[in-house]
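Only one chain is given next, in structure tokens, and it is the form predicted alone.
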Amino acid sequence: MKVLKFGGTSVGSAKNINKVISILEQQSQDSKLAVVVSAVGGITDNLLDAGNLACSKDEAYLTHYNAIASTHKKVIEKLFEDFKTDKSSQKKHDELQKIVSKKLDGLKKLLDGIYLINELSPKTKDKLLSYGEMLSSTIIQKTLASRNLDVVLKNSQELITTDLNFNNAAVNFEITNANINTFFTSNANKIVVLPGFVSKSLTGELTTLGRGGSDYTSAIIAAATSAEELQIWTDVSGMFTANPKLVKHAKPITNLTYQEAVELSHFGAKVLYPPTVMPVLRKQIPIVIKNTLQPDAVGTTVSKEHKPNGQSPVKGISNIDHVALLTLQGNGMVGIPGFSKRLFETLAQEKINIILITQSSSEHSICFGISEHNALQAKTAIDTTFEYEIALKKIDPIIVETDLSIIAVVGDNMKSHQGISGKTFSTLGKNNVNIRAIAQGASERNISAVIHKNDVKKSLNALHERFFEVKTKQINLFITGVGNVGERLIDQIQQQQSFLKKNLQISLRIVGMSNSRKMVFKDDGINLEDWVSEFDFAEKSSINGFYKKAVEMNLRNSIFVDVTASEQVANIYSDYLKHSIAVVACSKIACSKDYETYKNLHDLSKKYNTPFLYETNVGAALPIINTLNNLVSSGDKVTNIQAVLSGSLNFVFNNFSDKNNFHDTVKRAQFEGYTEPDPRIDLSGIDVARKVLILARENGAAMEIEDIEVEPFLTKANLASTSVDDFYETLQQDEAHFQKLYASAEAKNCQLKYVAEYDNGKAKVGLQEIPEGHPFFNLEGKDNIVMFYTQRYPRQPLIVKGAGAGADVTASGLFADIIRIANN
């Protein structure tokens, strides 16, 4: 014989009940079936709400009753809709409606009685809630009979005997097993339909088996009859590696041991209720979890046999929400026996279940997790128990922390694999998940951690990626500043997405974008083929709002990419780093501000193990900062740096001559995107000064921008201009000055280059006449060049040379930093 249990969703509509009937038709051909059914989906909650409203003298209970009655009658109408032309079916339909109407009349009288006496006792609540299963089992049995199946209805209350602990009765297995064996031994029908959840005490009072009671009913029957297997039919295709509502890449687990299933169920996998496993575990009867809506799906088989999943010893990751963490601590506990006994006895007397326990080896504290709704009750009871010790300050009043959840990594074979705990906690740490408590048994079947409820989704996804998606790492980008460079970056990401996934195992998606006016966010990634249209109905942009949303989304492996020149944006890099969101900066503002700011950002990056990269600050996509860092990290000492660091200025001086005036050359540079919108930033030399300052700091010098000697080549009128237009006017007026600079260099067969120098702690920038043969002489277009003189390169410098300006190369530099973080 097989036992099949169908949950509320499976019997929640006529359509689903017809699927159940198809399953039973097929399976009853080969085996006798005991079919345990839950109440129609949503009915148990409706019954409870109706009872509570009636108890509080609120006539709205009648609305709930009418909804319950209507739901059942509509289900019957739909079930018989295609058979009403047949007189026999019509008769059976009418009979069923009469039976159900009679039961609904009984429900109405019960609710009226609750309303009149203004009381809903546990005993009455059991009577009330039993109506859900009694109605659904009657409807299903009568419908099966109308389809000419060999079926009988048996009231589980006549089989399962319990104590008088209403709402969560304990089963008397000796009497219950005898009742079940007697009935099924004498029963000749192919299918027996039984209501789940309901039972009866020795004295004949109606009781219920509490949460998961229908699963428990089916397990009790399976164990008592030594069934071939127990099938749990629900609305998902088995137990998953993680909650599929939170982890999109979660997948069904084909096989689990009983112990693994218990652990996953205990920690929130709602497909199976933990006590369900116990009766069948003793008899080692397999449990098969199947999907009523997809009956051909493989599902999950729970048995004694351990079957590796072929990838990881971890079988699944689960979670419990609404957890409170309570801590009993004090110096007076150390070395004194009995504290634990008194603590747990107090909780037992209050009927409070403990989810997790951990205790320090010093015996100074005991920490335990319970359901959040029991927190106040537990605190009151424990503080009362230890009132004397608290008064003497031997221990502290119980400490309660709420808004917590527990995540659990589960697998029978984890104990045979080194490093599972290390991988678990390092993964959480990299994603800035603060762990409040840890519990791990010697069997290593379960590693549990208490975390803040807001970190659950991120933690589950990060751990799932670590243990089940090892080949692909999900990176979530927040890009602010989608102008010229930002657009090129987005285009490059779109072009390379498939390449990165295939060759580097990096799944890159942009989840947030902003321009100066609007910002848009999407948890599952913005469509890069039509990202511009996303801004059509986007919310108003704000720097702080963008940051808050990125933090609120709380996604794993997050990177904030700044493609602006905004000081306000640079000022909140530290906030991103504190929330373990990596920062990739195009802007030089943060790294060239006061040294304290620069140092603080690096300290935060180390503290929170969160990358802060800004290769494009010097030389766009050229690996200048990275090369310098590698020299320093490998123990070399950089003694001198000589560089042409402005692609803008190099472009200007490569194109300026006695035939091309200075004003027009600067205009062209601005038009082609080689200068800032305000070219004074480039031509004043401050931009180059900031770059050499950053290089000096990377080399270990605690320098400020004021320490850089800037030798201007612009005239006083140029420098005193009050606007960009005014600046261009002064360039025209002072053309003779620039022609004089050009003529001087030309007479000496030199090239004009704006050079930055750093030499043993001192730095300067200025226009120089570079002679032929010098590495800077033939520097073309917008190229940059840096020469590093070090202890290892004392005479022939290490040279980095290439394009140092332009939207494409700057975007590629940002992209390279993103990939560097992703590969970390």
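The first residue of the sequence shown is number 1, and the count goes up from there. Source: prediction; values computed, not measured.
Another form exists, predicted in complex with aspartic acid; not displayed. Remarks below refer to it.
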Please classify the binding site as open or blocked after superposing aspartic acid from its position in the predicted bound form; blocked means at least 3 ligand atoms come within 2.4 Å of backbone or C-beta atoms of this form.
-> open
Please run the contact check for Val786 against aspartic acid in the predicted bound form: heavy atoms, 4.5 angstroms, yes or no?
-> no
May I ask you to check whether Val765 falls inside a 4.5 Å heavy atom distance of aspartic acid in the predicted bound form?
-> no
Exercise: Gly213 in contact with aspartic acid in the predicted bound form, heavy atom 4.5 Å | yes
Does the 4.5 Å heavy atom contact test between Ala39 and aspartic acid in the predicted bound form come out positive?
-> yes
Work out which of the listed stretches, 560-568, 213-221, 615-623, 581-589, brings a heavy atom within 4.5 angstroms of aspartic acid in the predicted bound form.
-> 213-221
Which residues from 125-163 come close to aspartic acid in the predicted bound form, meaning a heavy atom within 4.5 Å?
-> Glu133
